[in-house]
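Below sits a lone chain in structure tokens, taken as the form predicted alone.
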């Protein structure tokens, strides 16, 4: 089986940040592999170890994002493809999906795995959009994968419980970070990653329109989360407290 895993370099959510003049200022040197994508890589590795196959990771990002590809290779992926950007683009989920769809249009694969969302925007849309553009079946928010007769049996977390879905090949699955604990690369894996092949291609060479005019979502500015207003405490006889709460919940109070 051939697995492609789409990964993304994101800012470390534990790094300090600040908002100044509506702009988000982060430590440019604190970038990591998106946690949801790390779970997707780990799940692909587990299936490869059990059933054989090949794993290639794909990343869209600037030149410095290659270190994130090496992290996935050190975990055990076989190869990587780096779609290089300038680093100052404002891509949204649809832009990433269009770039990836163009990349995959002439590729052969059994399954594409993605993280269910990225830690920087939490949109959770790219995987589904990519499957739609490619015209392949998909399942989202997977918490478990199992190879059954050449297809994937996906356990996904729904709103009211877990669902079991059969996804035929070729297909796509977005993975939750609740499905496993991604392995930490050891020294041997890190050394081997330096010798594994990484193909590079400019996003411009894919001939896909990701200009600012084609981007569907634009971030206008950032602002601090508003301070939560303190709650109200009522004391007295239960009947009187109940009347006060009822008045508070009245639509005239703009509470509900």
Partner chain sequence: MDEKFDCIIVGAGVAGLAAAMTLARNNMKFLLIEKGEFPGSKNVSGGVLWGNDLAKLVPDYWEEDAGWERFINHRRLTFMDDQSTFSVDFKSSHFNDPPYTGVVVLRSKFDRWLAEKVQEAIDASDYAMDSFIAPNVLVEEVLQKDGKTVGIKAGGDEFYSDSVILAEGVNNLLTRQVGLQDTYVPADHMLTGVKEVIRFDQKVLEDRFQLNGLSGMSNEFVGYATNGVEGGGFLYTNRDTISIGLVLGLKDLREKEQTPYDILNEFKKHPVIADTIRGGEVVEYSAHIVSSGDKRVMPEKLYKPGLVVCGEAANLLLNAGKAIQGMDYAMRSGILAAEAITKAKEKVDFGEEAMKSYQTALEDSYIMKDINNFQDAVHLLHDPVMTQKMPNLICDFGRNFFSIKNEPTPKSRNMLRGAIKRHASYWELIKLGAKSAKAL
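Between two forms, the rigid core is the largest collection of C-alphas that superpose within 1.5 Å. These numbers were taken from a predicted model, which means no experiment stands behind them. Residue numbers count along the first chain shown, from 1.
A second form of this protein, the form predicted in complex with its partner chain, is not displayed here; the remarks below concern that form.
At a distance threshold of 4.5 angstroms between non-hydrogen atoms, residue 195 is in contact with its partner chain in the predicted complex.
In the predicted complex, at least one heavy atom of residue 185 sits within 4.5 Å of its partner chain.
Its partner chain is not drawn, but in the predicted complex it has no heavy atom within 4.5 Å of residue 206.
At a distance threshold of 4.5 angstroms between non-hydrogen atoms, residue 54 is out of contact with its partner chain in the predicted complex. Contacts between stretch 1-19 and its partner chain, counted in the predicted complex as any heavy atom lying within 4.5 Å, involve 16, 17, 18, listed in sequence order. In the core-superposed comparison between this form and the one not shown, residue 227 has its Cα shifted by at least 2 Å.
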